[in-house]
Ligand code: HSE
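Next up: a single chain in structure tokens, the form predicted alone.
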């Protein structure tokens, strides 16, 4: 039987993993495709870097035209990071008659409408399972398996780097800077980990999931997000006293007032599945009106988990399933309006964990409680331990609130932080029971 000829553009960590699967598991893959997948070209700008896969001589090239100009190559795995030249290369691949498989969530979050509209115009498809949560098949689950449901909510840990850092801080008592350095040493964090730790990576992935689940057309930069760089081991200890752990949680919640979206460090109740996700793992809890709650957990990054999702998409593309799915879903388009409106972030309700550094004197709690009360925010519980004299008369005051709106909490804290008895370094985190 004639083979299906495919190519890889980008031969870094993920591209190498994809090549390994294609070259080492050809017989198994052929059982799923009905014919062999033949890797005929790999394109990369670096032809000499050592890689942990052996490819035949002549397979690796730095000349993209050898893919673009080959009509027998019908499907291409594009695993280049960033926005450019990734965007330009994808457009060229589509225009040369290739279906594309990608793992680049930043590209889709930024240029999804342009790329998907162009693919539809050309009768081509874009597959992107690996763009969110690595080896977890969440894209297929939401866009195919759960389509009998109205998705009501998504609560997710979408960044393994942040989850590793928070896990280490909780279990080892390490401070933030030391734990980031350990994540970098283990290869979980980049030399510049900003996109992971400031919530941007999770927000990009949440924007993709919100579009799949709710049809939301949202720029990921507009999603309210708070990073983990202000979280301290002190907060881990207090959270544990309350019965919680701390996770960087990405939330999409559909309510009558609209769609709530936010990413922030959140206290998650011990004993719940999300609280038990440790290390560099991802997890997604989806609630549908028919199926109820379903939970997905696995490695959200790394060479082989991500390559697993890429090759699964490549198989669907070659078989022809992806063309049907892509055409039917009609994702990301500048030609139609979003079916759901976003809720004003200031009106999103929640419970909150607050930690203040305050003067150790009578009446401070009453002052703070009074200002919270002015915004109709009531206190559920308080922790204030005795401290040693060497703390200079400044003590931590920890408050857990009842339900209040984000806007009310923001107004209250703006006033509280100006009190003479309150020192810099106040912390606010959402609470999820």
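Residue numbers count along the first chain shown, from 1. Since this is a predicted model, take the numbers as computed values, not measurements.
Note that the form predicted in complex with L-homoserine (HSE) isn't included here; everything after this is about it.
Only one of the listed residues (316, 168, 99, 201) places a non-hydrogen atom within 4.5 angstroms of L-homoserine (HSE) in the predicted complex, and that residue is 201. 301 is the sole member of 154, 301, 277, 358 with a non-hydrogen atom within 4.5 Å of L-homoserine (HSE) in the predicted complex. In the predicted complex, no heavy atom of residue 353 sits within 4.5 Å of L-homoserine (HSE). Shown alone here, residue 77 lies farther than 4.5 Å from L-homoserine (HSE) in the predicted complex, counting heavy atoms only. In the predicted complex, at least one heavy atom of residue 189 sits within 4.5 Å of a heavy atom of L-homoserine (HSE).
By the criterion of a heavy atom within 4.5 Å, residue 196 is counted among the residues contacting L-homoserine (HSE) in the predicted complex. Heavy atoms within 4.5 Å of L-homoserine (HSE) in the predicted complex belong, among the stretches 117-125, 258-266, 69-77, 154-162, to residues of 154-162. Using a 4.5 Å cut-off on any heavy atom, the one residue of 79-112 that reaches L-homoserine (HSE) in the predicted complex is 105.
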